[in-house]
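Let's start with one chain on its own, the form predicted alone, as structure tokens.
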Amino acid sequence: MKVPVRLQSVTLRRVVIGLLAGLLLAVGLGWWMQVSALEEMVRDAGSRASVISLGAVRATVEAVGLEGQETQAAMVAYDEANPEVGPIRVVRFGGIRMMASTAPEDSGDQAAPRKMTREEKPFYDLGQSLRANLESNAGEARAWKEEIDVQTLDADRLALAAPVVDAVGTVAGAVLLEAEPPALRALRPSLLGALAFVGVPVLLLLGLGRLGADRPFALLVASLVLLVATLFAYGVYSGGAIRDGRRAAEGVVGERLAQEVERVSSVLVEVGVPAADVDPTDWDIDRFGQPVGLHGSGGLDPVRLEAAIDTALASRRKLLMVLGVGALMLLGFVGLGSADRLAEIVVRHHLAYGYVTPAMATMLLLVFFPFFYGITLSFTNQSIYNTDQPLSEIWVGFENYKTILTDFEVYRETELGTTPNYQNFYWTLGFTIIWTVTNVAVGVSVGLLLALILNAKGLALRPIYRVLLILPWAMPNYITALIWKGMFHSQFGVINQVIQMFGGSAISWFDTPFRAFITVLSTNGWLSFPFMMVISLGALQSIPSDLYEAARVDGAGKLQQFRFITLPSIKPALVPAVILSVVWTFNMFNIIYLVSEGQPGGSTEILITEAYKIAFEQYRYGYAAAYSTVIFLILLVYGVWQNRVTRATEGI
């Protein structure tokens, strides 16, 4: 049977190498990510166990109080009962006092309670910082600042601190301690086991290939089946390791919680405080004071644990699917001979590739990696609360894009009636388009008009005019933005003062969307016309004067010369400049952020400033990455469409 041309390059060697490369990619990266996930479980379990000890100490201090010798006695009793924790320090803000300390140097004359020394000021400052974070979170009704400080001293010790609340709900002090995370055996998966998932399928394919070496299509199908089956089996194998590791980690955390409950109860009984006043449900928390939710007074919740494991495994399955797609592409690339052809081209033109390799590597590191990482981030729900988690555990797919693009509530009903929803994506997109069109129109028209004036023959002082008109573009735009913002100040701005000089009333420029839009349009118009003027002037000076002389001989007027000679001649230079200006203006962050600040009520936000505020004011990094990706796609579609319509870059 005649082999199709497309399969003639398929050989056993290429298919085996392709399968090997695909499995090394998928299983190798999968094993490395599994190692990272299990190591993270160990670190997280140790940190959480130490935070539980911190919570136990804090609960003890809050039950005993921050007055008298009872605090010191309770901390000494706790330190004796828990060898994994120590030294412990309890700071009271009122009076700047060290109410308790189990540090060896704090004995004798230095025994607590006492006035804090100058050398102990860092303890006091850290406590005040945590106090400010706690009060800020409570005031804003959201946890976005860390309420617990955790620092790594060395491989075996952590330094932790947390604020202490007194009986009336006031942050009165802080607890600082060092803790040794509980020993948890390494959950490192077997490298030999992972290599078996690579070697066995390759050996099977070698055996099958010798039986059907003259059937390239069957060879490809066999390699495909082996790849898919191996990845499925490896997913089940690695998922089991993740499940066992998570259970082991939660078991260690639960054991520490049970131990701390017993210790605190005995300590409180020893100092004469009822142990029933202690509630351990808020000891297993993250650094933002939010409960992890798996442990409480009743011990480990198996239902929630299984739900958390299932969520982690679902994310891992998605990750393995992505790796599987990459492995399939690599199998096809190598198995169908494309890799050999590429290698032949590289060897043949090795000198040229050697010259461009440094630039390509730099672009890959500084441009493409951040770009693709941002796109990857857009498929997660990463926020300030889970930045330490691997992307596979916070993967949400297209959920962010769905939330952005399916919210059509541009107007909403309020107590004041139907009002615009300024936070809606389509409202912001509409305003961004209006902002871009008007600014580009102003910049092009003013720039072209000034270029025509400067290009006029016999114009006196032309060099001076050119220098003066280029100054707005030469100055840093953020300085210009701040100057214009000051000019529009309702009380002290020069624009309102000029209006009042002519009998008018001062205008509150940022109180209505239209007025605020006028301020940013004026500012950006001032910044944008010099660029268009320079481009237009250069294009105008390249037009041969013979064309105008011939047109005048034929009886053409000024408007006809402008329409049939000037515009067509400057189009090759002006259209790319307009495309570039549209992209710049669409993403003109500084003017909106510095002049109007999106006011009033976010009505003058553009897409890029909205994405910035989502990322760095709401701390929703994954959602902001999806927002930014949508912006990129809009500009990409515009650029492709504009190039096809205008054919501006055909000669490049």
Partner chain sequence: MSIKSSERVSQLPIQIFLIVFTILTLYPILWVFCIALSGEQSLAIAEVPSNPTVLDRLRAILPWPEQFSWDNFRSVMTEQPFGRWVLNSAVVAGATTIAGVFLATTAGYAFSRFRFPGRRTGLMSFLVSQMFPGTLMLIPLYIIVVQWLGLGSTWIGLILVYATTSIPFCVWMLKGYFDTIPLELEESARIDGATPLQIFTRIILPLAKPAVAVTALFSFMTGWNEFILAATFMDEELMYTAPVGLRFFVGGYSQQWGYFAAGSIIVSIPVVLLFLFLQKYLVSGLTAGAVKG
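Residue numbers count along the first chain shown, from 1. The model shown is predicted, which means the values in this text are computed figures rather than measured ones. Superpose the two forms; the largest set of C-alphas matching within 1.5 Å is the rigid core.
Not on display, but discussed next: the form predicted together with its partner chain.
In the model of the complex, at least one heavy atom of Glu597 sits within 4.5 Å of a heavy atom of its partner chain. Using a 4.5 angstroms limit between non-hydrogen atoms, Arg412 is distant from its partner chain in the model of the complex.
Its partner chain in the model of the complex is not approached by Trp32, whose heavy atoms all lie more than 4.5 angstroms from it. Contact between Lys558 and its partner chain in the model of the complex is not found at the 4.5 Å heavy atom cutoff. Only one of 353-361, 563-571, 216-224, 252-260 lies within 4.5 Å of its partner chain in the model of the complex by heavy atoms, and it is 353-361.
Taken together, the three residues Lys457, Tyr465 and Tyr593 all come within 4.5 Å of its partner chain in the model of the complex, as judged by their closest heavy atom. Comment: its partner chain is not present in this chain, but in the model of the complex one of Gly199, Gly430, Gly374, Pro420 has a heavy atom within 4.5 Å of it, namely Gly374. Among Trp526, Phe517, Phe123, Trp395, the residue placing a heavy atom within 4.5 Å of its partner chain in the model of the complex is Trp526.
Residues of 576-594 that come within 4.5 Å of its partner chain in the model of the complex, judged by any heavy atom, are Pro576, Leu580, Trp584, Phe589, Asn590, Tyr593, Leu594 in sequence order. Core-aligned CA deviation for Lys558 between this form and the one not shown: 2 Å or greater. Remark: with the core as the superposition reference, the CA shift of Ser47 between this form and the one not shown stays below 2 Å.
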